[in-house]
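Below you'll find only one chain, the form predicted alone, shown as structure tokens.
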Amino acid sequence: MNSLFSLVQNETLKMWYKKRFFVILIILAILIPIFTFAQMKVAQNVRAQLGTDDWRVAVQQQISDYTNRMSSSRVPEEWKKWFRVTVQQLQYYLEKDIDPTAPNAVTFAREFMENSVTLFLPLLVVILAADIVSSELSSGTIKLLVSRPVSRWKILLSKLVTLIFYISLTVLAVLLLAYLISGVLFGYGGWNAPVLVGFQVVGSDVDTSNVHVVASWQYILMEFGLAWFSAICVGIMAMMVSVLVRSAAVSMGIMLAAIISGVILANMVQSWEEAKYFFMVNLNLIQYLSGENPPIAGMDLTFSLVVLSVWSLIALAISFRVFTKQDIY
């Protein structure tokens, strides 16, 4: 146990000196103010077009826009299905007199996390994980580790524990910086604002029988947990690629291609049901929390959790098997 702790401590320091986490913080510090300003301008434009600050008017306008789009013959059926589901949700918000987009730092952080979980957050994880093993394989520093009287599986386990630690810090940093920076413009209130959860998409309809109200702080905690799990799965996949590929650049390229292709598949393969078994199509776990229409029929939170878990377990098995057996020297 002491040897494992020493290895984890060593890997944590190596990751710290690589300054990858600082790069992530700088990226967030640059991009979040841009997104905050953009959302403020959008809100101002919407109020100017509607001539009122009443959120009900904005929601009713959204419902009208989506309804008009559904009547167009040029709109694909998959989009119409999404519009129908969204309209039913917006109508439910009107009935319950709950503003789904009340402008405050909590709402911004919540929406930022929702929009980050499929692409932005995985890309940040890839920055941390893509070369966690391959860089040492290519530079030869891994030989110093395996020459010590420590089992190889402990070496890789220490890298995994360190990776999980820094991924957790990254997810927390995304949430905290989104809240702190956006609060300068929107204010820091809204922790107890009501949020509706429990929407279930059944075909082209929305089942509201399980809908209930939770406070925004509870919703954000649930979001954080789902985003964390998704990010950990991406990190494990990236570690596997890093074990299999000695080049750090190639390892990062493979993971970037996988993440980006997942976003494309989620938007284009509604009719290809087998695509739902790819791990990258299941990364958006928050969509089930917010009641969005899943990209492919038959997907739900349990299904996506199982798919991601299976992929992660297989990736871990391959990583430890290859790392303990491959020729390092």
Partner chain sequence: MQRSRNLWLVIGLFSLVVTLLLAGGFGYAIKDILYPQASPILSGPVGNSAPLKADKVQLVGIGDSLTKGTGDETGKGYIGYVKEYLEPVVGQPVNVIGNMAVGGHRTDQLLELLEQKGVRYTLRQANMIVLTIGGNDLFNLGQDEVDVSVIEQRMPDALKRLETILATVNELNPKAELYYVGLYNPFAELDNGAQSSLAVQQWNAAVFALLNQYPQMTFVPSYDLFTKNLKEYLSADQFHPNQMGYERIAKRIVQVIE
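Numbering follows the first chain given and starts at 1. In this text, all values refer to a predicted model and were calculated from it rather than measured experimentally.
The same protein has a further form, the form predicted in complex with its partner chain, not shown here; the description that follows concerns it.
Enquirer: Looking at its partner chain in the predicted complex, do all three of 5, 169 and 197 come within 4.5 Å of it through at least one heavy atom?
Expert: Yes, because 5, 169 and 197 each have a heavy atom that approaches its partner chain to within 4.5 Å in the predicted complex.
Enquirer: Only one of 45, 261, 267, 302 comes within 4.5 Å of its partner chain in the predicted complex by heavy atoms, so just point that one out.
Expert: Only one listed residue qualifies here, and that residue is 302.
Enquirer: Considering its partner chain in the predicted complex, which of 193, 211, 119, 248 comes within 4.5 Å of it through any heavy atom?
Expert: It is 211.
Enquirer: Which of 128 to 136, 177 to 185, 87 to 95, 149 to 157 has heavy atoms within 4.5 Å of its partner chain in the predicted complex?
Expert: Heavy atoms within 4.5 Å of its partner chain in the predicted complex occur in 87 to 95.
Enquirer: Looking at the partner-bound form in the predicted complex, is residue 225 within 4.5 Å of its partner chain by any heavy atom?
Expert: Contact check for residue 225: yes, within 4.5 Å of its partner chain in the predicted complex.
Enquirer: When the contact criterion is heavy atoms within 4.5 Å, does residue 60 count as touching its partner chain in the predicted complex?
Expert: Yes, residue 60 is a contact residue.
Enquirer: Is there a non-hydrogen atom of residue 73 within 4.5 angstroms of a non-hydrogen atom of its partner chain in the predicted complex?
Expert: Residue 73 lies outside the contact set for its partner chain.
Enquirer: So, in the predicted complex, is residue 218 in contact with its partner chain at a 4.5 angstroms heavy atom limit?
Expert: Yes, contact at 4.5 Å.
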